[in-house]
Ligand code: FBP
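Below you will find one chain, with nothing else, as structure tokens; this is the form predicted on its own, and questions on how it binds or moves follow later.
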């Protein structure tokens, strides 16, 4: 097994990732405008905003490979995804593999698992295979773990976010990405449940800046190493300004 180090996608033990896999997940009409629909705009934010990683699906990582290499921002390649169109129990299909990540010079791979879905077994099985190969080839593994499905009543309850965190640990993820329900003590318990697996929190839907930054402070105080944020940065009127404020909170920059 090749050695994997969190230093490839962290700084001072903390993380700030710019997520841009929402086009597949939500569709362009709900999230994008003339400016942020262009991946080159996102790459520039990631570079100038000093993000510790940027999350792309394979198609964008391939077509904007040269721009990404010039920016020297670590790539986190998302290996599965789904659209918002199907109804019923959620499943995120694998659409890229570890070989793609190596070819595209990614530092890490990301994979979504919907625990509670009737399809969770398939996603867990795929993740296990990906985790083994990624570690063998020296890549870090981030698990997006979200409780979903008809058996889940509240996906951000204390029980559910701690469960998601524990699944990340026991499935072998280096980092687990969770949703935050607004209760700092609940998140602190989830961080403890994750053990040596590090926790980052999803930035979520667009919020007013004051509420968003308050939430980020709570996330860091609860013990998470940082944030994987998309819309609250690249939908912002001044993306680099909000990125600077995030770095102040997460990395202690002045």
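Because the structure is predicted, anything quoted here is derived from the model rather than measured. Residue numbers count along the first chain shown, from 1.
This next part talks about the form predicted together with the ligand, which is not shown.
> Each of 49, 245 and 253 having a non-hydrogen atom within 4.5 Å of the ligand in the predicted complex: is that the case here?
No: no residue has a heavy atom within 4.5 Å of the partner.
> Okay, which stretch from 176 to 184, 162 to 170, 94 to 102, 132 to 140 lines the ligand in the predicted complex, with non-hydrogen atoms inside 4.5 Å?
After filtering at 4.5 Å, what remains is 176 to 184.
> Even though the partner isn't displayed, in the predicted complex is residue 202 close enough to the ligand, meaning a heavy atom within 4.5 Å?
Contact check for residue 202: yes, within 4.5 Å of the ligand in the predicted complex.
> Answer with yes or no whether residue 61 is in contact with the ligand in the predicted complex, where contact means some heavy atom within 4.5 Å.
Outside the cut-off, so no.
> At 4.5 Å between heavy atoms, is residue 9 in contact with the ligand in the predicted complex?
Looking in the predicted complex, residue contacts with the ligand do not include residue 9, since no heavy atom lies within 4.5 Å.
> Is residue 111 one of the residues lying within 4.5 Å of the ligand in the predicted complex, judged by heavy atom distances?
Residue 111: no contact with the ligand in the predicted complex.
> Can you pick the one in 216, 229, 68, 190 that has a heavy atom within 4.5 Å of the ligand in the predicted complex?
The option sitting close enough to the partner is 229.
> Could you pull out the residues of 6 to 41 that have any heavy atom within 4.5 Å of the ligand in the predicted complex?
Heavy-atom contacts to the ligand in the predicted complex: 19, 21, 22, 25, 26.
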